[in-house]
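Have a look below at one chain only, the form predicted on its own, in C-alpha cells format.
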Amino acid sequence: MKLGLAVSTADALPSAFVVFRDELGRAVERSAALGYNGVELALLDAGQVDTPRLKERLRATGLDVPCISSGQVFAADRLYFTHPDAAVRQAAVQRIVGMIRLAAEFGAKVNTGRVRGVIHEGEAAAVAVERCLECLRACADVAEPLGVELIVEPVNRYEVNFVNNCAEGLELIHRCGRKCVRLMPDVFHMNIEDNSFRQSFEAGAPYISYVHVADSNRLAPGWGHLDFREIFSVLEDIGYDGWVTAEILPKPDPEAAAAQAARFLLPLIEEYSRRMATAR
C-alpha cells in the first residue's frame, strides 16, 4: 500500500480539496519531504502540466503520480457528462480525454469524479444514466488502449444528486461494461452515504482501484471521528494493496494538514504492509 496526497497548481479553485496549491514540481518536493509516496494531480486541464519538468522532479524524489482528478472541470467550467447540451457533453469528454493521454505518461488513473454530472430538474434519472454511460464509453475507447483506468467516485448528496454511494457506483460500472472503468471509494463520502464501510468495501472489492481518505470533517485523518483502524482492517480483509490518497482541506494551514495526514496514516500503512507480507 502507498500513500498519496492531492495537490494542484497555484491557481486552483478555493473549493478544490487539495493541500498544496503550488508549482507542481514544488508540490512534489514538499510532499516527498513529509514521507508521501506520490501526488494526485487535481487539474482543470491537462495543459497545466509541464510533463518533462514534472517527470524530472518525480525521478529526483522517487515519487509517483497515481491519479489525475477532474473535479475542477465540473466546478469551474461546468462541463459534465449528463448536461442536456450535447456540445457541453462532448467538451467534457474531450477534457477527460486530454487527462487520459496525460495519465498515460505517468502510469496514472483518471478520476472522473463529479464530471459524471447531475440529474437535472424535470428529467428522469434514466436520462442522466444514459448520457453518462455514452460519455464514459467514449472516454474508455481512448483509455483502454493506453492502459489507463477511469475511476468512478461516489460523491455525497450535498455536492451532487447522482451516484452518491458505492452501490450506485457499482451499478454504473456494471452497466458501462468496460474493464477499464473501476470504483474509487472515498471514506469521507462513505461516512455520509454508505450504511457500512465493511459492506461497501466487500461488495466493491473486485472493482476497487483507488481509495480517497479524509476524516469525518474533511480534515486530515486523526482530526475527526472516523475509525481508520477499522477501515484499514476492512481493506486488509479484502486484500486491497493499492494507493490510499489524502484528499483533505488545507486547515489549519497546508503544511500542518499534510504533516498530520502523513504522521497519522504512515504507521497504519506500515503495520498493514507488514501483516500483508507475513500473510503471503
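Numbers follow the displayed sequence, beginning with 1. The structure displayed is predicted, hence computed values, not measured ones.
Just so you know, the form predicted together with a small molecule exists too; it's not on screen, but the next bit is about it.
- In the predicted bound form, at least one heavy atom of G71 sits within 4.5 Å of a heavy atom of the small molecule.
- The closest heavy atom approach of F17 to the small molecule in the predicted bound form falls within 4.5 Å.
- In the predicted bound form, the small molecule lies within 4.5 Å of some heavy atom of G113.
- Though the partner is left out of this view, E202 does not reach within 4.5 Å of the small molecule in the predicted bound form, counting heavy atoms only.
- You can rule out all but one of 113 to 121, 192 to 200, 174 to 182, 89 to 97: in the predicted bound form, only 113 to 121 has residues with a heavy atom within 4.5 Å of the small molecule.
- Of the residues given (E134, E168, E105, E159), E159 alone sits with a heavy atom within 4.5 Å of the small molecule in the predicted bound form.
- Out of the listed residues K251, R218, R26, K55, R218 is the one that sits within 4.5 Å of the small molecule in the predicted bound form by at least one heavy atom.
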